[in-house]
Every structure is written in structure tokens, then in C-alpha cells.
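Have a look below at one chain only, the form predicted alone, in C-alpha cells format.
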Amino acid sequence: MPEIVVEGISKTLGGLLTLGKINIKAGAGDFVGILGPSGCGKSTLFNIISGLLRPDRGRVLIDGRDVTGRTGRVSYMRQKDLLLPSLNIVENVSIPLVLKGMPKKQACAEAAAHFKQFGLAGFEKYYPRQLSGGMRQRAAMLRTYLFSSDILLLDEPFAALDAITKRKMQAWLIDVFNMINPTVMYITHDVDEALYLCDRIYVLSDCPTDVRLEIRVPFCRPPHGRTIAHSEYGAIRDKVMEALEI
């Protein structure tokens, strides 16, 4: 369960100062939410944490080690599932293992061993077009997990789902989180989703982006599934909404 520290990150894109000076942290085993207006640089921040993009200033530390600009240390799941239509589901999710040098047959067997844990048992030979949106996201999540199981960057993974499926997927994600206990950073535009899933929330401002609010959530991931029942829910939600200027 590694710790992630983003220290003084700044980035200019296309002549626009996108990230002003960002300092955020995800402790070992934390589930950290990132909220902010559209276009404020949330995905840019994840591209920097994952090593796909170098910052102009600042650094990314994992367990005290500088990993700025280095890929391969964290798993990054984008908004779209990006499953390849020509491959069946077990072939799709085994791609990270193949890229690490594992023979395809062994990689598929290793991936298939996790299908029950991720609610995919029986769908190994199905193709992406044959699955619902929720099932495709489960497959994408398993593929992300197989790339690196201890740090997950999740960029609005359920944004395209309908409200009922989204709630089911949130509950499922909590079960997976409790089983594998990774360190998670989670981008969302949904305040209630952030309060349901995350134990800490950072609210980002418009560009040039900085951290407007950092707040701990004392009632996240309740066993009964009803965060709204907590006495502090309304006050904390109001603080987040105010920071978002909604």
C-alpha cells in the first residue's frame, strides 16, 4: 500500500498555465477523490502522476521515491473502457501481462483466475460488443488492476453509465477496494459519488488550477450504503459545493 505525494506540480499547455501549483497526497490505502470544473486539468494531473507527461515544475513521489516522468509504476483507467473489439474479454484484460513479457496462454490463465473476484466469471470468451456498459467497465478495471495492483488512477470510470448501473458499480468498486486494498485516486464530477467512495477529497479551482479545498470524509463507504444518513453529510456536502462555486 504505497503513498503518493504530488509536490508543487505546475504545467503549461498550449501557452495556458493549466496547473498552477498542485500539492496533494494519497496515503497508503487511501481512496482520494479529485473534484473540479471541466477543463481545470484533472486528467492532465493524472497524466503527470502516471508519468505520461512531465510537469514544468514539481515532482511526484511514491513512497518517498521520485518517479516524475516515469511510466509503469501506476495503473491508469481512463473514462472510456478502451477494450479492443477484435479480442475477447480474457484476451483484453490479459494485455498488461503480455506487455510485461508473459506468454499469451499463461497471461490469459492468470487473468481468468481473477474473473470471479471482479464479477466476470463466465464471460471470458465474450467480446466487448456482447457486454453491458457496467460489465465492460469491470473488465477495464481488471485490466487496470493487472497492470499494477497497488496504485489505481481512475478517471471518471462510471460517468457514462445510467444512475442505477452507476450505483451498482460504485458498490461493486467498494467490495473490490476492500479485497485488494490499493491506494486510489479517483476523478469525478459527482459530489455525491465522491462523498460515497472517498475518504479524502481535493477540490480544484479553474485554471490556473490550485487546490481550493481539502477535506476528510468521516462516513465514506458505509456498509448500509446510505451516506446521506450521516449527521455530517449535509455540512460537508455544502462545503464541497461552495468550493466548486455551485
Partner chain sequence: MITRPVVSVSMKKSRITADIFIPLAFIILILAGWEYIVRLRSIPDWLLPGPAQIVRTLVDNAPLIIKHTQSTLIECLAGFAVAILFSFIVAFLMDEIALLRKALYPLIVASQTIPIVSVAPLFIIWFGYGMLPKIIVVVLVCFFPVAISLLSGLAAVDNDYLELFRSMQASRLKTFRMVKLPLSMPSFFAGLRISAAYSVMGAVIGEWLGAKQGLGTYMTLAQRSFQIDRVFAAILAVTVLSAALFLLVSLVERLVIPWNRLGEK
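Positions refer to the first chain, counted from 1. Because the structure is a prediction, the values reported are computed rather than measured.
Another form exists, predicted together with its partner chain; not displayed. Remarks below refer to it.
Colleague: Any of the heavy atoms of residue 131 lying within 4.5 Å of its partner chain in the predicted bound form?
Modeller: Residue-level check for residue 131: yes, a contact with its partner chain.
Colleague: Can you check whether residue 137 is within 4.5 Å of its partner chain in the predicted bound form, heavy atom basis?
Modeller: No, residue 137 sits far enough from its partner chain in the predicted bound form that none of its heavy atoms falls within 4.5 Å.
Colleague: With the partner left out here, check for me: in the predicted bound form, does some heavy atom of residue 72 sit within 4.5 Å of its partner chain?
Modeller: It does: once its partner chain is placed as it appears in the predicted bound form, residue 72 has a heavy atom within 4.5 Å of it.
Colleague: Can residue 83 be called a contact residue for its partner chain in the predicted bound form at 4.5 Å between heavy atoms?
Modeller: Taking the distances in the predicted bound form, the answer for residue 83 is yes, it comes within 4.5 Å of its partner chain.
Colleague: Any idea which of 178-186, 47-55, 200-208, 25-33 reaches within 4.5 Å of its partner chain in the predicted bound form, heavy atoms considered?
Modeller: Among the listed stretches, the partner-contacting one is 47-55.
Colleague: Quick one: of 113, 171, 99, 121, which gets a non-hydrogen atom within 4.5 angstroms of its partner chain in the predicted bound form?
Modeller: Of the listed residues, the single hit is 99.
Colleague: Its partner chain in the predicted bound form: within 4.5 Å of a heavy atom of each of 196, 228 and 239?
Modeller: Verified in the predicted bound form; spot residues all out of contact, no.
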